[in-house]
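Below you'll find only one chain, the form predicted alone, shown as structure tokens.
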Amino acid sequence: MNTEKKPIIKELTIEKFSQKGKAIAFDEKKNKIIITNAVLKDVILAKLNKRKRKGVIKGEIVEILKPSEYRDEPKCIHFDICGGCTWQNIKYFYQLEQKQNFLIDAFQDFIKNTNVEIFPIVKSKNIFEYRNKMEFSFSQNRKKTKFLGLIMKGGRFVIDVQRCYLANEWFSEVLNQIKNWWEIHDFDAFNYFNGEGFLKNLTIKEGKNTQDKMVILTTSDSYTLSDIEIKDFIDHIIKAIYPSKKISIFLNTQISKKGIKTTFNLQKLYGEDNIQEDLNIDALGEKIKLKFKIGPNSFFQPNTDMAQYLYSTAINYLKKEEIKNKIALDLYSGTGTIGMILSRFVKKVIAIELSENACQMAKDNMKLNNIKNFEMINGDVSKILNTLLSDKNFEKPEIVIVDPPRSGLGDEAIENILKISPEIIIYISCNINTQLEDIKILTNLDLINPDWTNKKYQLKILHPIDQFPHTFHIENIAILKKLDFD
């Protein structure tokens, strides 16, 4: 006797997107149901997961009964299962509308109670092939089938990617050539569950404005590549970018031992030590071109075109004549990109960054661009600010720019920014929810008993920019001004 229960199939209408870009429907009992790859206003037959976790049921599309007017045909053949992008099946104009709505929903208390100005989201210059960096993973199953690509939607497994449209076609050519190299030499992919295996990641970078190229192979220390295997690796990459031969190739070996801090041994295999990217900035009535070296471990904004727009827009909220004799503080500065641009207009920029590698790259880029009024400090933002504020000779900056990690500023950093008491705060973020929480503190907003008159700073501008088409991510510029400074 077969006692297996039949799957639950329901007709559902997609009613909204979550702020993580997931399509949501509700059944007759008002249970929240998340449906992968569905689009707002789709009418579908869905197979529901029998288990409910945290009040949420997961489901998958069995049949689309009535497709949404916002639905689009994905360009990528991997879209249904690949986690690289979640919204490629949504028309781009509607992706922008949803992101704008996310921002409005998040900041609705400010919108209702203040005169904050919200700009329409700026669309990406390119919606495909916009990324200047991709990281692909090696994996194998129990049958030793090889996979080199991206993590699948909602899972931990790697799917084999033939062509990724988020980046230039040569990225995929390299990817496919490395698969051929892997077939010849038959190394084991690294297994993160048991810590065994050799091949980990393949990182590919390019300078969008320079066409410089870079490939980094990351491995464990369980094996050492022979000279023949390295030469063959290089040859496969050169074949992928033919007729060009201008590329930097690195081997990055992760050395892990119990009880000892993990380290990396970086070895250049071919080409130059760095690639270069040029940024063309249109700010405060000037057209500025800056050169930036990018190393194997350097962070750089992944969408070059929109990074140029982002930095130009942020700086254009300042007034050229008013800032020329002022000091600016660039917190969580990375390689100091926006600070170096701003240095053209102010007396001095002080930048603080935790990553030692990023700080060194910033110092190299200062020399490359002949910038002399820029000081780079390596260390934790909160600790460095404590040290600076305890120095009686510290001249407090009038301008503070922050571009923190997704987790936001943190209480101590906010407290120190308030002690500095700058005239203006430019807060750039890729996470509007943590940005909102930080701005609530900076503006002294108590949502239970809001007092909109007892504030030190006022949120003046929200300016969203789409850096990541086909995903739910938003980059947002927030401008805060001190109340006694207009």
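Quick caveat: nothing in here was measured; it's all calculated off a predicted structure. Residues carry their position along the shown sequence, with the first being 1.
Just so you know, the form predicted together with a small molecule exists too; it's not on screen, but the next bit is about it.
When you look in the predicted bound form, the only residue of Y92, F119, F299, W182 with a non-hydrogen atom within 4.5 Å of the small molecule is F299. Shown without its partner, this chain lists F198, Y309, Y332, F128 as candidates; in the predicted bound form, only Y332 has a non-hydrogen atom within 4.5 angstroms of the small molecule.
Site residues T337, S355 and V381 are all in contact with the small molecule in the predicted bound form, judged by any heavy atom within 4.5 Å. Figure note: of the listed segments 372 to 380, 162 to 170, 280 to 288, 225 to 233, the one touching the small molecule in the predicted bound form, with heavy atoms no more than 4.5 Å away, is 372 to 380.
Among heavy atoms of E206, none comes within 4.5 Å of the small molecule in the predicted bound form. Among heavy atoms of D212, none comes within 4.5 Å of the small molecule in the predicted bound form. A residue is said to contact a partner when one of its heavy atoms sits within 4.5 Å of a partner heavy atom; D403 meets this definition for the small molecule in the predicted bound form.
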